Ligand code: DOR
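Here's a solo chain for you in structure tokens, the form predicted on its own.
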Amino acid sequence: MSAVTADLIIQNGTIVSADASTVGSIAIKDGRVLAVGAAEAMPQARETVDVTGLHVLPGAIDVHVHFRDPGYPAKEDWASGTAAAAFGGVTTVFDMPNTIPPTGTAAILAAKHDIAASKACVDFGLYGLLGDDTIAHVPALIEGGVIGFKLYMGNTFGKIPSPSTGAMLEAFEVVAPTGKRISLHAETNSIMERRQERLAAAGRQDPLAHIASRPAVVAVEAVSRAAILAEWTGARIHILHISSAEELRPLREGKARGVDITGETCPHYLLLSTDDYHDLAGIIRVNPPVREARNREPLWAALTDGTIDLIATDHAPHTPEEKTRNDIWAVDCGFPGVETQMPLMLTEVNRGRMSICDYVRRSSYNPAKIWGLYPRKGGILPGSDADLAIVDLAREHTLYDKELQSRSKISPWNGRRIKGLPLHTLVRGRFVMKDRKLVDGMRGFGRSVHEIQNMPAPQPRNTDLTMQAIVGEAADRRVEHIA
């Protein structure tokens, strides 16, 4: 080891994994972890940074962000969105396809890759859109480099059409043999549209009308249906933004049946409730909605016992004007979250709601494992990318919208006190945020992670009954009959 000179040593921090934490040092060379151990065991280095008293976490992996680029630059772009990620200790983000144009073809995906690569300061993955009119593009999208697919079972920002159950089954059949995971906005569109139409006709424009239009049954039905289709096809699925206690049952039942189904929740479902609508009004409007307080404890319990696999944010920025309209149906859904997730969750660590290791498992290790990025991402061990969030668990701070790196300066967290803050963020061994300041020259440093993705072998099922199989069989028989 003495013959090797490291580029950087992070010295004397409490190094945290999904299973343990210990005081030690990390040697970094060429963007990867070279060694982890006692300070005296480290090689010579060109630079040493002492972080005594701080915790060193694997950078968070946020599998659910909307950076709005291309299409909505006033709301967010890849430069501002990834700057927010860096300030939040997030070193890898997965961006959703409801941009303009939606990421549904190889050409559109390639253009989006170029935009992200030119602006991002953290690593990224791009979702491909999975819908009725994009099923045929699945092979080309995979060839072009997607981290997975996004399917909208319910309407949300961007008004992406929701496929019929028949199209959804066919989509699952096509994706299942590729091994890619399908992330689902699991709300049943027909229920929501019918209820919203009736509520609007009755003159309901108040904030609580939004939750009335999307009761938990929309998620229960959608998760149940998705799990059945995944079980039949062998597709891998991920349930986004779990908001209710009721949808935990079909999630648990799917896991018990052997369905490759995972799920996430977000800080706003764990920490807010309908009690907050009075003060926050349209600011809190998001899909699915923030629900009654009775849902919070079951969500925390599910996060603790592993029913919910990870924490994400659904970072969905809008302008203040778009969030403060008097008519709730005219308010855009969503708010920024990639920068505030880690401080909010570290505050809960300090309160004893979870251990720091539990947090690392839900924010980094599990996302890396689920999307085939581990061990390059999601841990601090020799050979892994040196993606690090160095945090001060004792630092008290107040979150203010005006200080957000996001272009969206309006969130439910304005004025909230937190305890636990990222001070430095490294991506592949380079500081992108240091001493709570963005490091110059890092724009364009981020890379797509699809090239390092290594998913387990797929296990498609009922392949003789897929749409492709039966249509092909019918065509073959027609040819035989003609002959």
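Sequential numbering from 1, following the sequence displayed. The structure presented is a predicted model; accordingly, all values stated were derived computationally and were not measured.
This next part talks about the form predicted in complex with the ligand, which is not shown.
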| property | result |
| --- | --- |
| Listed residue that, although the ligand is not shown, lies within 4.5 Å of it in the predicted complex (heavy atoms), from N366, T262, N98, S243 | N98 |
| Heavy atom within 4.5 Å of the ligand in the predicted complex - the one residue of P250, G179, G125, G334 that qualifies | G334 |
| Touches the ligand in the predicted complex: T156 (any heavy atom, 4.5 Å) | yes |
| Distance check, V391 to the ligand in the predicted complex, heavy atom within 4.5 Å | no |
| Residue contact check: N287 to the ligand in the predicted complex, 4.5 Å heavy atom | yes |
| Interface membership of V223, the ligand in the predicted complex, 4.5 Å heavy atom rule | no |
| Candidate stretches 326-334, 226-234, 298-306, 342-350 - the one whose heavy atoms come within 4.5 Å of the ligand in the predicted complex | 326-334 |
| Residues within stretch 39-66 having a non-hydrogen atom within 4.5 Å of the ligand in the predicted complex | H66 |
